[in-house]
Every structure is written in structure tokens, then in C-alpha cells.
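What follows is one chain in C-alpha cells, specifically the form predicted alone.
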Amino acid sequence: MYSFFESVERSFNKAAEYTKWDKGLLEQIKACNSIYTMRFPVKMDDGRIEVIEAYRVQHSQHKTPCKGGIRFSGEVNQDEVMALASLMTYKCAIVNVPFGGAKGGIKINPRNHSTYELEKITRRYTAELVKKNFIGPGIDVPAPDYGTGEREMAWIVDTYASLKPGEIDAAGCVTGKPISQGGVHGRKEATGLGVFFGVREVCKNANTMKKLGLTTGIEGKRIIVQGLGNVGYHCAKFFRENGAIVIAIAEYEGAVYNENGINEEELFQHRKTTGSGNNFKDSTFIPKSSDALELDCDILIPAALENVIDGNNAPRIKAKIVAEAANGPLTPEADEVFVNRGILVIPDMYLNAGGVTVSYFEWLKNLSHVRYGRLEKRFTESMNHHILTELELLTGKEASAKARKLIEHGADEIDLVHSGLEETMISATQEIMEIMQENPTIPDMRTAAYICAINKVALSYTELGIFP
């Protein structure tokens, strides 16, 4: 059994054999540059002192700043954070986001702490990062990850700004913030929407779909989603809204199954009210959530934690496509099983890059101090109105109210963010699939994605003159 970081290294080494870069350069790309392990005391609500274990890993500074989320989980360890930081480097390279990879983690279960305790832990963690110069808009920019969200990012930016008075770009020290604190519209759904765009692009490829025995397009595809957190929820939402049928959604307490489809919002509200997916309308409840992964479907989307599919359960997976919305949901053994069985795995290292892509847009917004769409929205609407009016005069036909509204619309911030994300995911998917087409000996999309990342990072180092 490989550790998470060893799994990443194994995939890297597998892909490196298809490249022609110097061995020393490949070792530099693979290595984690900086690892900060910290322990700090925090006073809990009951008066006791708890020593908190936390990490921040900067995998690569071939581009600066570094970028990567912070997760709160009782399972956090150095190996996991190193692996996630590595994946961030490769992910940013694939989607052409100019960041080096980083990741952070605090070893706590947020469910076991009050809001006030979580705030104290987050602020102290931020202060520790500032102390060692491991955070800043030009140094290292964290973001939300498992167990964290807008609230924690607001605490981080507030703490950073208080410790760096007068820093005009302080809001750019972290992304995933609330809109009122410098966040960007579209960040919350970004990862799930990016997964949808990436899978949709793969499903458009007629040759790939023919090999899998599937029709082209998303419509009618039977989907299983593992996880109803932020990523899983939005994956289910966008696939359902675009004609797919979400037949099962799995969570830690069990899975809900309905061959006719599940509305993720209704299930979310049901779980919020009852604490479980049990007794959800017109659905079958499966107590062991892992069993849902083995149900018959077209596309399986693991959208929770790593290593949920391994060499043991991979032979029982019936999906034709496995789309990794989570980080590292497949072990190397599972990869080998799927390659041998002809199941297409769309790898996490680019498929869930929607979060970092939109984080990049947020960071740019913070540095420019201008909201997207503010300068051009009204001008665009005015020009579109004049063009439409002229066309109506020339043709003698008047546009319907619905058509007029659509044509005259000027892009809001969320329109531009979604458009930029769509372009990013389409381009990345096409680039990876082209690598596979150019070399038929490449066994899977994961290897092709690593090749793409290695080539881009290596090129950055050579252009810097660090390696010949």
C-alpha cells in the first residue's frame, strides 16, 4: 500500500519516462521545496489548553506566489499535505495558472470545536504563517479546502491585514473569501462547475465515447456522486441541470439511490433537517455508502476524500468513466485495474482545477482593486442595444423581449468568471487528449496529464536559466 505522496511520486515517475528532461531537473520538479510543521497552544472554551498540530508545504517556487488550500481534518498529516501540494503544482501548470503548488492543513475535526475555538485556531495558524513568511499575496496564497470555507478565509485575511498594516494588496493573501471581503462571484461552485466542463469536453469526443460504448454528450448519462459537500453538491447540480440523471449520491452515513434521478438540493435540505439521507422521498437508502460506488452507472464522480477506490473494490466498479472531483480518490492499484478494464479515469490533477482557476481570478481582482465587469458592462449593453436597434430597422422585424434581454446583456462578474473557467477546462482537456493521441503508448489520461505538467514546469526552470 502506497502513501498518498508515494502514489503521486509513482504517477510522476511513470509519466517522466515519456519525457526527455534531465534526471536532475525531474528530481527538482518532484521535490517539496519547503515544509513548515508547527505546534501551537490554543485555549478551549472549557479552559483547557490544546496543542494544535498544523502544516504548510510549499512544493514549488518555479512560479510565485505558491497556491493551495487549507484543510481542517483529524486525518491531516505531513505526507498528505506534501502530496496535495505536489498536485497543486501540476494542476496549476496544466491549466496555465501562474502559481507554484502549496497546501496547508490543521489536524482537527471542526465538528468537535465551537465557532469561537475554530476562529482562535485559524487566527493563530495565520499568525504562525506570517511569522515565518509563509503567507502573502506575492509569497503564498491559501484557499479553502476540506473542512474550511469563506468564514475561515475571512478570519485569515483579517488577521493578515492586522499584522501587515498599510499593505495595499493584503486582500490578495488568501482566496475563497466572502464577496464583502474581496471574494469573487462564482468561487463557491467553481470546482464542481470545472468538473462538469471537463467531463462534458471528454464526452464530446466521439472516438473516446465509441471506445467506451457510450453516446456523445452529457444528456442521459447516469451519474453517481460520492460526497454532498460543496464539490459533490455542485457536480450533481450542473450535471442534472444539463440533462444527466444523478441516480445515487453517497455520504458518510449512507447513500441515496433512485434510478429516476435525485435532486441534490432536496436531498441536501432533507439531510439538514433529519441528519441523514434515510427516508428520502421515492429513494432507496444504502447504509454502507461505499456500496453505492459499485452500482451500475455511466459516470462515477468521487468528490470527497482520497483513497476511496483501491485495488480491492476497483474490480467491482461498473462505471465507464471515473471523474476524480476529489484529490487522490484512486490508489495506483485502482488505476492499473481500470486501465486493464478499459475504464477511463479523468484525473483529479486537472479535473478539479476549477477552484484554483477561479482563485486566480479572485487574486487578480484583489491586485487590480477593480470588480470584473465594472468598466465594460454598461458600455457593452449600450452598444448591443444600438446594434440590435439597427438590425431591427434594416430587417423590419422586432426582436422578442426574451431575445432582446439576451442580446443586450452585458457581462457581470459571474458571467466572466464562468466563461474564463469554461475556456480553461476546455483547453486543458483538449491539450491532455492531444498528448494521448500523439503517443498511443500512453496508458491513461493521468499519465498524459502528468506529462503535460512536467513539460510546462520543466520549461519554466530552463527559461529561468536554473537548468540548461
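One rule holds for the numbers: they count along the sequence shown, beginning at 1. Fair warning: this is a prediction, and the values are worked out from it, not measured in the lab.
Below, we turn to the form predicted together with a small molecule, even though it does not appear here.
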Handout entry: Any non-hydrogen atom of residue 263 within 4.5 angstroms of the small molecule in the model of the complex
Key = no
Exercise for the section: Verify the contact flag for residue 231: yes if a non-hydrogen atom of it lies within 4.5 Å of a non-hydrogen atom of the small molecule in the model of the complex, no if not. Expected result: yes
Practice task
May I ask you to check whether residue 92 falls inside a 4.5 Å heavy atom distance of the small molecule in the model of the complex?
Solution key: no
Problem - the small molecule contact in the model of the complex: residue 363, any heavy atom under 4.5 Å - result: no
Problem - in the model of the complex, the one of 156, 326, 82, 76 near the small molecule [non-hydrogen atom within 4.5 angstroms] - result: 326
Exercise for the section: Report the residue, out of 291, 251, 333, 117, that has at least one non-hydrogen atom within 4.5 angstroms of the small molecule in the model of the complex. Expected result: 251
Problem - Contact segment among 365-373, 124-132, 156-164, 219-227, judged by heavy atoms lying within 4.5 Å of the small molecule in the model of the complex - result: 219-227
